[in-house]
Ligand code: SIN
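Shown below, as structure tokens, is a lone chain in the form predicted alone; questions about how it binds or moves come after it.
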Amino acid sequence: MDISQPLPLLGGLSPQLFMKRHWQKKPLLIRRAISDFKPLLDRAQLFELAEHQDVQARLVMQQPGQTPGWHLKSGPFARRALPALSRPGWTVLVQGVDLQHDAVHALMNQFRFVPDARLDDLMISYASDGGGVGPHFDSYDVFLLQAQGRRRWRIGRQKDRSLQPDVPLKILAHFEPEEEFVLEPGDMLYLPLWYAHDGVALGECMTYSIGFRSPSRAELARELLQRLADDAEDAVGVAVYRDPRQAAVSEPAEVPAQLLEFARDALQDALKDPAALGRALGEYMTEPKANVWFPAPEPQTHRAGLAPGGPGRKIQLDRRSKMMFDAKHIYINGESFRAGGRDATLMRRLADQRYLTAQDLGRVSPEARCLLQDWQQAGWLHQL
């Protein structure tokens, strides 16, 4: 992607200008972001996805006159468990549709001017007339693409983030909208994190939400420390605590100061290798979600392995695969590999493009080819 070229998707802004002017700064309404856009899944296909055990789906229903006025239920949902289409005020939200559908995955890839480490998933919401999830804010950036029908959005910066009590959804108690828009198919609205918004369907509608991951400091600290702990023996050695000069004590319950110092040194040793910290981060950011599984390759593919070249014999990452890199490592689906030289260049190209041509494949070393074959047999990539 040429990040300096204007994109209709961004209202004629280049990715560079969009990131400079709007990203995490202010909203952007984009009329006809995708001209003549049609839903990539129809209603029946979306409802079928909501039936799957490995797909996260939620049903939100408004209950006027009741306390609380909202009802939330988690899937999977049989079609007969969903309300009648004629009933107003209900919404089905299906997460991670990009993992289930190639065209949806391709749509989400149009937003890769933001680092993959931030790009999370594409959620589809179907709503009957008047459906929505109430005024709320998200702790992540989002593009809201109207796919079918019309939806009215009210948005505001919202200083007061207090929530309604005893409600199963995080609905703002005192929503203060500043702007209002009605989105038609192909229109899109970008909202920075924490920007309050309320979308209400004007008739039957579908909206695609492209969300961006924003890990908290606590989340990163917890996950990285756990991964570093798993490698602690290699990082800090197996030396045991010794105290040959320990004197007799009259207060045996007090933790010895030298034991605290020993523990502090062990922790610092575990953290002092920047490559270890970077490796833990890369593995965490590419870890597949718990509901993601990779289909086994066809038996003939498993036997044949990767062909060295020929017309049309490129390899392509499976849409479920997450692949990233840093200066020293390649990361894929929670695993890390050291890479250097031409192999590193080609692996980084695979991560960026999500495919390698037959010509590229012919240039990898035998060791890298074996690695790619292992990934193929795991279902992480495919040869076309």
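Start at 1 and count along the sequence shown; that's the residue number. All values derive from a computational prediction rather than experimental measurement.
Keep in mind that the form predicted together with the ligand is missing from the display, and what follows is about it.
Every residue in the set M123, R151 and H197 has a non-hydrogen atom no more than 4.5 Å from the ligand in the predicted bound form. Comparing 254 to 262, 274 to 282, 110 to 118, 205 to 213 against the ligand in the predicted bound form, the single stretch with non-hydrogen atoms within 4.5 angstroms of it is 205 to 213. With the partner omitted here, the residue from E223, D187, D129, D138 that has a non-hydrogen atom within 4.5 angstroms of the ligand in the predicted bound form is D138. With the partner omitted from this view, the residue of I155, V97, L144, L183 that lies near the ligand in the predicted bound form is L144 [heavy atom within 4.5 Å]. Residue contact check for L93: one or more of its heavy atoms lie within 4.5 Å of the ligand in the predicted bound form. The closest non-hydrogen atom of L228 lies beyond 4.5 Å of the ligand in the predicted bound form.
At the 4.5 Å threshold, heavy atoms of V133 reach the ligand in the predicted bound form.
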